[in-house]
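Shown here is one chain on its own, the form predicted on its own, set out as structure tokens.
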Amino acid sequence: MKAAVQSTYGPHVLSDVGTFGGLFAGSFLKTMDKPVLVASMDGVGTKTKVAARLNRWDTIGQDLVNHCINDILVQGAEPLFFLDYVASSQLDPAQIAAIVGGMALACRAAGCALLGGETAEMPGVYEPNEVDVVGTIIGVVDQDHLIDGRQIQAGDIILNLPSTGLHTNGFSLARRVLADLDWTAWREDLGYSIGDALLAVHESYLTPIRQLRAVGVEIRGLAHITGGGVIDNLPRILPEGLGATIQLGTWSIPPIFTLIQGLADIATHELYRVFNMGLGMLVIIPPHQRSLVPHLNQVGAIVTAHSGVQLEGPK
């Protein structure tokens, strides 16, 4: 685990594993006109119970880091360093090493230092065989490049950066619906097992957003579709008086959602409130820039006739 953590270190890290506090040199901030630090904290919810049922612990660390990266990316921030908290009733060294190793893998991919963390053994607080993981990320953005949604206008278009599956939300409902099925058998309707579908790693959108910026796309707003789905997350970045219409059927929905919907009587609106339904990160740009991103699906538009999010098209 120590080697995995150290592999995320760059020249700004001034401390080693095991110190009481992680040290990260901030002198590079002087090269920015108006640096703004952006911080976020999150967990992976009950996805840990999926990992426990399958005894696979190498993915939830990646989920945690990528979720946090996306949350600060929404405001235009680049990740600097990450801190983790892993707790259980009784520590299993191999299990903890697999979880932290996944964090290190995701941090390396993002150029983010895994600067420190806490590993806690807390019998009586956590039930036997239960694990909890939480992460904190610190990033930075020059204030002039901050993305806050204030530039969003009526007529702007909404593009989708697709999800890999559930990401880190909706697992309480998914586990209940799928509980009696075999999670290890290959399924033709999915193209893999239910376990593989549920543990699909939460996608990081850092590289795609960097690529959009590199070709001159004016990103007016970003919405990370997590708990609350598109129904609750997209309105968080819309200026007062503006609403959005999402056109159903304009993108590919991962088959795990089709399976869940087929097994349970869940209304369409509720599906899009609990799950991301294949919408990973929504990118709002002016319509005249559509030709710059022909590879991305347009899934909706910003309108003025209503507030919130409306779903239109085939249910």
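When you see a residue number, it is the position in the sequence shown, counting from 1. Values in this document were obtained by computation on a predicted structure and should not be read as measured data.
Quick note: we don't show the form predicted together with another copy of the chain, though the next part is all about it.
Residue V134 is the only one of V134, L91, V177, A154 with a heavy atom lying within 4.5 Å of another copy of the chain in the predicted bound form. Of the residues given (V74, I99, A106, A244), V74 alone sits with a heavy atom within 4.5 Å of another copy of the chain in the predicted bound form. Only one of 229-237, 180-188, 199-207, 212-220 lies within 4.5 Å of another copy of the chain in the predicted bound form by heavy atoms, and it is 229-237. Site residues P162, L263 and E270 are none of them in contact with another copy of the chain in the predicted bound form, judged by any heavy atom within 4.5 Å. Taking non-hydrogen atoms only, G26 approaches another copy of the chain to within 4.5 angstroms in the predicted bound form. Taking non-hydrogen atoms only, T250 never approaches another copy of the chain to within 4.5 angstroms in the predicted bound form. By the criterion of a heavy atom within 4.5 Å, G45 is counted among the residues contacting another copy of the chain in the predicted bound form. Contact between S291 and another copy of the chain in the predicted bound form is not found at the 4.5 Å heavy atom cutoff.
Shown without its partner, the chain has M32, D33, K34, P35, V36, L37, V38, A39, S40, M41, D42, G43, G45, T46 in segment 31-47 as residues with a non-hydrogen atom within 4.5 angstroms of another copy of the chain in the predicted bound form.
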